[in-house]
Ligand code: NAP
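Before any questions on binding or motion, here is one chain by itself as C-alpha cells, the form predicted alone.
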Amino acid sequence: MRRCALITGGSRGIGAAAARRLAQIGYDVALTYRTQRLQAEEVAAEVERLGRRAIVIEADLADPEQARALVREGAEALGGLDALVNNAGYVQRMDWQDISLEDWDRMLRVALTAPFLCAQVAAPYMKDAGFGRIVNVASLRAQTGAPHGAHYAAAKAGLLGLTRSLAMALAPSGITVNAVCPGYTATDINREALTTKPEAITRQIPLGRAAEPDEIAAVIAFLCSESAGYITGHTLNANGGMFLS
C-alpha cells in the first residue's frame, strides 16, 4: 500500500536518512528545507531511485504560516499524508545568561511551535486516511538539560510533553505519536564537537561512539511502520547508553 510522509529538515543528516529509510518501506516523501535546496534535491533524487515519489518544499519553520502551509502543500502534492516526521531544528551553543529573548523565541518557534502547528494541519489528513504516524525528533538534552543551550533543551523537553499530549488526543483516531531522542550523531550539527573533542565525547557514551544518521533513521522508520501500530506516547532513546531510562 502506498503511503505518504512529510519530513521537516529533510535536506541532510537525520532527515535525509529518514527520507531514504521511509522510501525503502514504501513511502512517497515530501522534504522541507530552509537554505539547502541543492542537498534537498539530491535526497529527493535518491528517493526516486528507490522507486518512490519525492518533492521538496522551501520553508522557514520559524514562521507559523509557512509551517502550516508546508503541510498542506506536501499533502496536496503527494495525494494525502500518512506520516509526519518533525525533524527540523538547530543548535545554538551559548551560556544561558547570554540567550536573548529573540534567540529564545526563534528556538521555540522552530523546535516546538512548528511541530505543534504541523501536527494540527496533518492530523485531519491522517484521520481521512484511517492511518497516521507522527514522530517528533527531540534530543538527549530534553532529558538531561544543556548548560550550553538552555533554550534548545527547554524546547526539546516541551516536545516530549507535546508528544504525550497528542498521543492521548489522537489515539481514538488510530494515529500514533512518538518521540525519538538521539544522542551524539554524526551530523553537521555535531561535526565541530566530534572533530575537536572526540575522545571527551565518546568517553561519555557506553557504546563508545557517536551514532550514524541512518541508525536514528531506522528508529524513525520503525515508528512510522505498520509494525509500530501499538506504540504511542513513547519516547525512544537512541543515545548509545548515555541516558539510561
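Keep in mind the model is a prediction, meaning the values are calculated, not measured. A residue's number is simply how far along the shown sequence it sits, counting from 1.
Below, we turn to the form predicted in complex with this ligand, even though it does not appear here.
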inquiry  = Since the partner isn't included here, can you check whether this ligand sits close to all of 9, 62 and 89 in the predicted complex (heavy atom within 4.5 Å for each)?
reply    = yes
inquiry  = Given that this ligand is not shown alongside this chain, does residue 204 nevertheless sit within 4.5 Å of it in the predicted complex, heavy atom to heavy atom?
reply    = no
ask   = Would residue 110 count as a contact of this ligand in the predicted complex, using a 4.5 angstroms cut-off between non-hydrogen atoms?
value = yes
ask   = Should residue 18 be classed as touching this ligand in the predicted complex when contacts are defined as heavy atoms within 4.5 Å?
value = no
query = residue 176 near this ligand in the predicted complex, any heavy atom under 4.5 Å?
reply = no
request  = Among 76-84, 126-134, 165-173, 150-158, mark the stretch whose residues have heavy atoms within 4.5 Å of this ligand in the predicted complex.
outcome  = 150-158
